[in-house]
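Next up is one chain by itself, shown in structure tokens, the form predicted on its own.
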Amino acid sequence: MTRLSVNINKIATLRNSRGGNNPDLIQVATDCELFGAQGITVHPRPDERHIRYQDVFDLKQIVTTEFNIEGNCQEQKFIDLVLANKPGQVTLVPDILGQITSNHGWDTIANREYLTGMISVFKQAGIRVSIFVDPIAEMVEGAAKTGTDRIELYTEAYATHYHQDRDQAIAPYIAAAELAHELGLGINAGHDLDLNNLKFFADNIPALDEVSIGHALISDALYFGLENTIHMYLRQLG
């Protein structure tokens, strides 16, 4: 079964909008695990507009499932944060300063030397590494040459075109996943996966280890409740 990691950035956004500690990010993470989530994901950014750096230290103390920290390893503060907390997984994303949300994967060919060095730093600390890539064969092949443990397939294009032609939308992801599996890479996925498109994706992507879902899941929880929503997403993966 593909594992579900809940990205709790949006909970932090809501908390920060009013100051104080409502909703309580730590309690939400604890409850997500209690309700069946197999991981907690955070994506701290330099402006701390959602997850704060202190949140990462606080979460490290209480997360009992897999703790996944996403972010831009081109920022030294992010590198230091990850090494100080040693999560189960770090996901390297090529964000730029001020970016609203991630919108592309790494060019693993142009950045091969850089990524190889950074991945080595994290792996030497005992942290599994995943890197964000688009479903392009050359990018998957380039990822394999960096020494990364996994790739995370950036699924925005799949989600965008799912309702037009889901078979066409998923085709490049199947090819990318098959190639990644052949090359010995683990496979994660994330971005715009939701209750409408998740099951078809999970059913068709071979050897899919993990999906990281935040925005859609938290939005659905406003209607269905957090516990029920997590169960609904788990059923899509089952």
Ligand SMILES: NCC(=O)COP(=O)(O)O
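Don't overthink the numbering: it's just position in the shown sequence, from 1. It should be emphasised that the depicted structure is a prediction, and the values quoted were computed from it without experimental measurement.
This next part talks about the form predicted in complex with this ligand, which is not shown.
When contacts are judged by a 4.5 Å heavy atom cut-off, Asp192 counts as touching this ligand in the model of the complex. Although the partner is absent here, Cys32 sits far enough away that none of its heavy atoms falls within 4.5 Å of this ligand in the model of the complex. Taking the partner from the other structure, this ligand in the model of the complex has a heavy atom within 4.5 Å of a heavy atom of Ile213. The candidate stretches are 166-174, 184-192, 197-205, 57-65, and the one lying within 4.5 Å of this ligand in the model of the complex by heavy atoms is 184-192. Shown without its partner, the chain has Thr41 as the single residue in segment 21-45 with a non-hydrogen atom within 4.5 angstroms of this ligand in the model of the complex.
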